[in-house]
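Only one chain is given next, in structure tokens, and it is the form predicted on its own.
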Amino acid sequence: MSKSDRTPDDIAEKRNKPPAEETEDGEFEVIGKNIDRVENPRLLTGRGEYIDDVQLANMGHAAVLRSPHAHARIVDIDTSEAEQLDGVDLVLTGEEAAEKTGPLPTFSSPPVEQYCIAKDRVRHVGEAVVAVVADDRYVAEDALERIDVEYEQLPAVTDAREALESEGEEVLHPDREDGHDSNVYLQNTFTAGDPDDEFADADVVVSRELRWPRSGGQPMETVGAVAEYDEGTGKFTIHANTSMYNYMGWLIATTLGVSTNKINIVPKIAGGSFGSKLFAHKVSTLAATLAREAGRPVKFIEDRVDNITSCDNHGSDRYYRPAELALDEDGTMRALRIDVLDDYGAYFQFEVGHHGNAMAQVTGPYTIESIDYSVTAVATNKSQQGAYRGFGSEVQNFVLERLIDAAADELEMDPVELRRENFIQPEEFPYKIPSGNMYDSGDYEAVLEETLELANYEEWREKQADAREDGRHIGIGVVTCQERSVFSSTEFWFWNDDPDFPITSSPESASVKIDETGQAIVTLHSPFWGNSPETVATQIVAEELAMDPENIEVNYADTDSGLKGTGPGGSRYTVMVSGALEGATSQIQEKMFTIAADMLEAAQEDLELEEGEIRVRGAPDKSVGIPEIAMQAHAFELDMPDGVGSGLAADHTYDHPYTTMPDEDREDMGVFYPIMGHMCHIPVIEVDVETGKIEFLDYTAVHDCGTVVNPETLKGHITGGTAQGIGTALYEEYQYQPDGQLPTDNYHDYPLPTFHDVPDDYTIGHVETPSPWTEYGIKGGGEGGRMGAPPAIAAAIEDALEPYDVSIDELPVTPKRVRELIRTDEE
């Protein structure tokens, strides 16, 4: 039986550890407890080493000249004056760089060619045109001002709807392999069930034209790399704050034109990511290219304008034309129809993987049996889309929940009851949705009830009625959303009928060593990304080996020593690294029991591991501690049983617990995102109808992330994600002008929520329905806050403005937009 043929029961049977509720006393010893975050001491005392802290002997500093035009041919570049400036070591154009460094990696098929420095054409404002290496960054920046570039401007397209009609010089990639003479990257439709009949027979069809604008993750630390090239060995060493280096790092070697064992990527802790450092291959490739040409180590750190105008992580940019929901008059949801136009910008690195994310939970927590989902992806003269917290599934939550609120209004039903009546029931899991994806477990009504109670929902409804009589506008939003977790790489390509590289692996690895004194050293093969991987690893190893967490040290492998690790992203890491650690510690446990049985002259089946030692059951005076076992394993080979070798260490690579291939005809996308979290968010807000200002009065969020590993760190994820969702809902937008200029390329014009713009306190609750398919029953929880807040806040604003009969169909809902909506209604 191939892995793709496995059933849900096969997966549950294969899993090594039962979920928490199945253990003898219902609890673990360490998992689920609030141990102090292991990462904190060095980070909070300024001892963490970030990429800009890396200093190498004779290191040069790079700066990049970027295009002022959205679309233009590069006619000529004069670098002579820059080259004469004291301290300048190298001035490199795109044509020169491309002599040794090839196109950047891409998942697009046919490929959309992109270089770390543009060769002959620029396709968005901010694209790299020339790079300079100098003795310091100031000199490099000065040199940029001495470079003359002659451009031949081409027509720019910055509206996705206009991009559908582009032709001639407006086409961004006229030389693409498939002979494209348009700006349409990909167009495809997925249909399941019988949506046409369902819509024809429905009592009610609600339809909305929705708009989700482009925004992006904004970590304090931008993307950076320090690269050195050894001419003697022909090997690159690249220090970088990237992820996926042990998953896709080999592609950087291919781009640089060297064999994969001629590159070593050394991870540095990242000052946050939210998806923005998922791959970040462009900066590493650029730094390595410059280091080879300059003959000295080179550091390149994006400044804020570099990062905003030319990063690889702008979020979704969608028009729904429209989105529709068909229902019976009793509120039964029957079918969903979506026609979405998505603006992917100048390049197409992840294809439409964002819509793979959307398809993972396309029908939400509801029993909708038919869908029709059409996606059209277009090229425009903007920076390309990439990964941003939610990766497109947060938009699907917004769309579906907006439709349900519209349906409740149309049917004159309570929006809470409408949702409740359509929930998938606990006994229906595992539950297959129309896209083919499977949900592992859930109790959506329990999450809803817990949230209503914590939020004092009925009390707030009474306060709202009283306030409305006083002329105040209080609104309450309720949404019940999914958080898919643990992606399978099939989602990268299954929208494409002819993918070039239909990858199916997305594993995670861990290495555990017990040294001679019984101390544990854990090596992770993916980086610190602003999350809490060391805390998770410490708790899992402490649980499995009954060790004191103080005796566990965690570090990170580079690519020379690393095993396969896909890294954080898609709310996957806690689930996957826990599986990897469980596999490694199981091997160590087995060896320790073999050695201990010999030392204690007891049968292995009579032994138990408790409190850092192995004991004979019923004979507490017969025991041997982990340090004694470890010393025996490392130093006394001749005293060990036959066949037991020296040392006490293990590696384990843990593959995705449950994924299957899509059908050839794509009538079923297969199982690709089955570990399904869930949430209910209830914000209470007040709108000042004179100014459009929105104030939070209360905010409650209850999440089901399966078995909780550490409640405090999960609370941090949810709180931060919710604050980010507030930014998406109320403030943030990359506002490209018709000529392709981006005035919101700074934090004066791109507003972020501050401490004063978020609720004073969140009420956060948990409902745990352990996954039957993961170790310990863990589900992902890294993105949930941002995936629930935007639709919840939109619902609350619409509720507050009920007297004005307005509809919130577009984000962000700025004060200006609130006033426009009110004025339109009044007129």
Partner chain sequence: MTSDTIEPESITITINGEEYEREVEPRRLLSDFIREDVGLTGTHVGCEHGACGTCNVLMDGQTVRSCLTFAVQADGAEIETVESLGTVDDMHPIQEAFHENHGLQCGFCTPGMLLSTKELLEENPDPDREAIKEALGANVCRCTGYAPIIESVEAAAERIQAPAEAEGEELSTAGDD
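Numbering follows the first chain given and starts at 1. Because the structure is predicted, anything quoted here is derived from the model rather than measured.
Separately, the form predicted in complex with its partner chain exists; it is not shown, and the next lines address it.
Heavy atoms within 4.5 Å of its partner chain in the predicted complex are found in one stretch of 724-732, 623-631, 184-192, 597-605, which is 724-732. Remark: none of the three candidate residues (432, 667 and 773) comes within 4.5 Å of its partner chain in the predicted complex, counting heavy atoms only.
For the options 640, 752, 416, 649, the one in contact with its partner chain in the predicted complex, meaning a heavy atom within 4.5 Å, is 752.
This chain appears without its partner; in the predicted complex, the one residue of 213, 692, 174, 272 with a heavy atom within 4.5 Å of its partner chain is 272. The closest heavy atom approach of residue 663 to its partner chain in the predicted complex falls outside 4.5 Å. Shown alone here, residue 29 lies farther than 4.5 Å from its partner chain in the predicted complex, counting heavy atoms only. Contact annotation for residue 45: at least one heavy atom lies within 4.5 Å of its partner chain in the predicted complex. At least one heavy atom of residue 720 is located within 4.5 Å of its partner chain in the predicted complex. Contacts of stretch 485-499 with its partner chain in the predicted complex, defined by any heavy atom lying within 4.5 Å, are made by none of its residues.
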